[in-house]
Structure formats: C-alpha cells, structure tokens
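Below sits a lone chain in structure tokens, taken as the form predicted on its own.
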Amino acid sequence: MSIVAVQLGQCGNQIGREVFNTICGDVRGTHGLCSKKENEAYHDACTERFFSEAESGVPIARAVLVDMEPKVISQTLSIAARSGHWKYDDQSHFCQKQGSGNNWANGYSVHGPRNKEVIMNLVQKEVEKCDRLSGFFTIMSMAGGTGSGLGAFVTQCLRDAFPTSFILNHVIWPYGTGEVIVQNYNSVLTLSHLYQSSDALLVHENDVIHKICAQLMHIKQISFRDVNQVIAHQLGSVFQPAHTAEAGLHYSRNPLGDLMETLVPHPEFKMLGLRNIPQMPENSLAFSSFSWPGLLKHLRQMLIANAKMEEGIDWQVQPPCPGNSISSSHSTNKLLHFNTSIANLVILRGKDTHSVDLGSFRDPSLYTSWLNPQDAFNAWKTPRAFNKYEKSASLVSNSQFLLKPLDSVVGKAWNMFASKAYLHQYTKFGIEEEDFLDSFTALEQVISSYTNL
C-alpha cells in the first residue's frame, strides 16, 4: 500500500525532499548486509510505498507540494531532479506569489478556502496513481503561517475527502528561544485543530535535533539542511519496510495502519515521539561496533528518563516498583522524572535481529495501568541494514514525552492572549477570541490526560 506525502510550507517542503532523498539513498545502497532475495523484497516494498514508476525509469515521489511562495518549491523540484535518482511529478505542486506572513489565521481562513479546490485536485490525482492507499503523511512546521494554518486546513479537507484513510501529521516544534513572535499562538491553534482531524501527530523538536547535530554529529556550523537530514534519517528508520509480528516473513503492506493500530489505542492520546540509536557522522561508522543488548539498554533508559539522544541520559530514573504506594513527597518527586508510556514500538534493522531479547520493554511498570503490556508493546524487525548502519534501533513512543514543551507553549500563548497581544492580526482574518479559547481548552484537556497516566 502507498503513502502520499503532503509537503506544506517552506519547512515541510525542505524536510520532505530530504526524506525522499534518504529513502532513495537507502534503497539504492549496496550496504543492505542481507540476502539478495531480502534486498529485492525490501526494494519492491519501498518503491510501492513511496514512489510511482515513470517511463523514463526515474522513480517519482508520491507527493504533493504546497507553499504560498514559489521560491522553495522551485528549489525543491530542481534539487530532486538533479539527483538523477528520483524526482517529483512536474504537475504535483501548487504555489502562490505571496506568503502567509507567519500568520496562522491567514493560512487557515484565507489561503486555505481560496485554494482548496486546486490543492485537493492535486491530492486526488496523486491518490489515483496508487493501487491501494494506506493514507497521508503531512509534513509541516507549527511556527509559521503556511505550514501551520494552511496545513491544519488541508488536514481537515483530507479527513473530509478520505474518511477511511489514515492521516499522520509530522509536526516540527519550534525553537524555544523563538523563531517568530507569534509562534506560540500559531502552535496552539495548529495542535488543537490537528487533534480533531488527524489520527496521530509525530513530533520533532527543533531544539532536540539541533543538540543531536552538535553533540552526536559533531557539526560546527549547523544549518537547516543538517537539521532536516537528521529528521529525515529518523523518519526513514521508521517508514522503510519492516516485518511486523502479524506479517511474518512478508513486509508490512499497510505502514500507516500498522503504526496507528500499534501506537494509538485511544483518540485522546495522539502524540508520538521518535528516538533513534545510534546516530553519528558517517566517517565514524567504520570505527564503531554495536551490540543489540547495549543499544537496547540505552534506548530503554532514553524512554523512561525522557532523554532524546544517547548522550546525557539520566541513569538514576527507574520505573516505579509494582505495588509501591506513592505517598511520600520524595518518591513523588522522583517519579516526576519518569516518563510513563501508553504504547511503544521498537524497530530493529540489521544483523541478528531475530535473536534480540526485548523483554525489558514489556515491563508492565513502563505503561499506564489501563492497557495490557502485551498490547502496549510491539516490535518490527528486518535483517536489512538501514543507511549504512550495521545495526540500528528506532523507538516510536506514545508517552508523556511532550508534556513539558506543550505546557510551556500553552502557558506562553495564554500570557500573550490575556494581554490581548497581537490578537488583531488574527481577528482581521476571522479568527476570534472564542476560537483561541476553544483551542486552549482542547490542549488543556490533552495535557490533563497525559499528566494523569
């Protein structure tokens, strides 16, 4: 089954290009470290998932590109075409001459309705090229106007037009220090609207990826391209084909469906985080060797201590002991650092995955009490290595990982709202105070639900 990517705004289009680049590079690579038959099955499953075949023999990405300014889209199209290994369809993009001015309301209330028909026609054409549609993968930022506002509008349109297809929104969380003065407003409005129409939100935080570039990849002058390549690597490690428990020896046919079934057992909990291990500069790979027990020990501690990368993990954090009543304030404080999960998915790629012991991820104390740990944890595996890593593990987690950043964004937005700062910029495009209040209420409910796990 195929996935149609919808790349929205500058951020969405630049990340989307890196994702297809990473996937194509991985499939073309001779570093699979597996049998020829396995490699061919992997190649076929990946191509069906992400690319349609062109007469020229160059795979065409299953994607629709949308931006309100032409510059980024024309760059994205030409860079992809120049690679010679894959390209976008020349007819699958839409842009205007004028952006959304970092205003969510402009993207949502003006550009969205005005251009709905053209954008949805492009999506429909892309869907018709698929033999079977698994769903949509939208890529967008929360800070600006087009990705966030138009992105929220397009997601609602996708939900209306394709009620039975899965929609996964990939959302870039803005830098805490601030990219745009109204980014917290834009973020609150985006998240609350996506929560209504999306099946799940897969979140990457710019601050976290920046740290990975600096501390793990050892990049001195970090550019957006560096950040986007790390994000693309992490996304590729999840979306490339893998064997699910149900599929047995065949690659999963319904990637988005399998992901949702595994990780989103309740519509109140839709926030997914992604961790990937190991991550290092390519020139260090030849001098490194990894064992599965070592990788998984780090990955599990990253999960429970809510560490986003393998450096600087707090090894003091431990799951609560079963039957231990949390009465004293000391133990409560200790447990505040513990990241409770609803569901986790571990994806293993590379040598000897069949013999890996994943028992530590099935520990009932990692999970909320209302879900059976056997249902809450799943593992996908493939002997095919990913992106030159002999062994690599990814963890997609539905947990409390985003509570702190979410609480911070809502708090900052509320402080601005209470003093009516910049509200006139939104009301002139038809977003009233009641809309803000509805969004605050929706996100307070999400925060409350995750806090009480």
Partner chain sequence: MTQSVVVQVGQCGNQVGCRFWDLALREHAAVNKKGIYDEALSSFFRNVDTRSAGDGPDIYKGKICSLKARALLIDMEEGVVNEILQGPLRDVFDSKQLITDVSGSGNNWAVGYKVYGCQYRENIVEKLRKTAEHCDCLQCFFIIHSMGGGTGSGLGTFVLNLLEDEFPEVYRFVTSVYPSGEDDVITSPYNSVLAMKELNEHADCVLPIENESLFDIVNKIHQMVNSGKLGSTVKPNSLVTSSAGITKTVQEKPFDAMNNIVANLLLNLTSSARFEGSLNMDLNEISMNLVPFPRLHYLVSSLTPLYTLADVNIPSRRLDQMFSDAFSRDHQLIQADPKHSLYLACALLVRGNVQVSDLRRNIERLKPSLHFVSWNQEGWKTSLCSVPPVGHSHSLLALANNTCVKPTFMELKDRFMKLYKKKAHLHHYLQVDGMEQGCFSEAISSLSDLIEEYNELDATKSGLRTAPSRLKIAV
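Remember, it's a predicted structure, so these values are computed and weren't measured experimentally. Positions refer to the first chain, counted from 1.
The form predicted in complex with its partner chain is left out here; the points below concern that form.
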Does the 4.5 Å heavy atom contact test between H424 and its partner chain in the model of the complex come out positive? yes
Answer with yes or no whether D363 is in contact with its partner chain in the model of the complex, where contact means some heavy atom within 4.5 Å. no
Using a 4.5 angstroms cut-off on non-hydrogen atoms, would N21 count as touching its partner chain in the model of the complex? no
Under a 4.5 Å heavy atom criterion, is S419 part of the interface with its partner chain in the model of the complex? yes
Counting only non-hydrogen atoms, which stretch in 273-281, 342-350, 68-76, 313-321 is within 4.5 Å of its partner chain in the model of the complex? 68-76
Check each of N103, S198, S134, Q240 and return the one that places a heavy atom within 4.5 angstroms of its partner chain in the model of the complex. N103
In the model of the complex, the residue from A161, I222, A245, A81 with a non-hydrogen atom within 4.5 Å of its partner chain is I222
Looking in the model of the complex, the residues of 167-188 with a heavy atom no more than 4.5 Å from its partner chain, listed in order, are Y175, G176, T177, G178, E179, V180, I181, V182
